[in-house]
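Just the one chain here, the form predicted on its own, laid out as structure tokens.
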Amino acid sequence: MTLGSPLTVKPAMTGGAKMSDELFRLLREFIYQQTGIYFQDNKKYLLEGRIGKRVQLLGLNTYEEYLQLLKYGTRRTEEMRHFYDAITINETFFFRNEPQFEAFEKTLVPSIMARRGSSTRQKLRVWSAASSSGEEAHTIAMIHLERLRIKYPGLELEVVGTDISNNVLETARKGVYRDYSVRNMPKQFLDKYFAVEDGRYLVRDDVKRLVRFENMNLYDQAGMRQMTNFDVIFCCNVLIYFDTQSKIQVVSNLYNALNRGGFLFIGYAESLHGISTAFKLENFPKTVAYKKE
């Protein structure tokens, strides 16, 4: 197959083919330029395995051919979507990082509402960055339906879920999940906000109406400038894949996306130490958040 021709499946590189150190370096640089994600030297095997599946499927003979396709092929835009799916890890479930949701419901939202005053109608905008297959975004919507709207009858919630992978976004938009995703789900939520069909759990429409999903590369400056006026951002277990320079850029973009008095959640294994001094650290039971003063 010549680069730039329609993508077809044909026998080519075997599963045992190895990626050279030089090609690993070139692919790593390409990934970094596109996403800010940095693959350490000890992750060569991981990249080799994931990219190797695409190389075989496309009927290419070498990793070099695949890199050329990504850079110059006439259908590079289409292949980049598969490429992002291959290099990103999407592992999540409903009510993951529950202390964050507790702080969101019991402290952050009351703080934001109190600061705004007693206006009858209020809009709360929440961004689930790197939302994967949508469990986090749907969890936030369910918390609103179950608890927040009772306490704040005039509160209107808008949740935006974004991810670089179109594959997981398709799952998020469908709102159809398996046992793994709902394993931590409180029973009252499971009974009230899901329909069960053939072993699958289908998110009900009243939840889905509160959430919209969009493709977003957190390293894309132009795209990130469109993300504004959020009150709370959840960006968990993402920064661990960036080097320091990329973290600084992404966190700066997240800061700009927040309203004054807004909050940022990151993963438990992550920290803004040495990355940003623009936020004020706020402590909550079993978790922390970063506040934009």
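Keep in mind that what you see is a predicted model, and the values were worked out from it rather than measured. Numbering starts at 1 and runs along the sequence shown.
As for the form predicted in complex with a small molecule, it is not shown, yet the points below apply to it.
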If contact means any heavy atom within 4.5 Å, which of 187-195, 67-75, 139-147, 215-223 contacts the small molecule in the predicted complex? 215-223
Can residue 242 be called a contact residue for the small molecule in the predicted complex at 4.5 Å between heavy atoms? yes
Give a yes or no for residue 205: in the predicted complex, does one of its heavy atoms lie within 4.5 Å of a heavy atom belonging to the small molecule? no
So, in the predicted complex, is residue 181 in contact with the small molecule at a 4.5 angstroms heavy atom limit? no
May I ask you to check whether residue 47 falls inside a 4.5 Å heavy atom distance of the small molecule in the predicted complex? no
Counting only heavy atoms and a 4.5 Å cut-off, does the small molecule in the predicted complex sit next to every one of 88, 164 and 237? yes
The listed residue (58, 37, 26, 227) that reaches within 4.5 Å of the small molecule in the predicted complex by any heavy atom is 37
Considering 126, 108, 130, 172, which brings a non-hydrogen atom within 4.5 Å of the small molecule in the predicted complex? 130
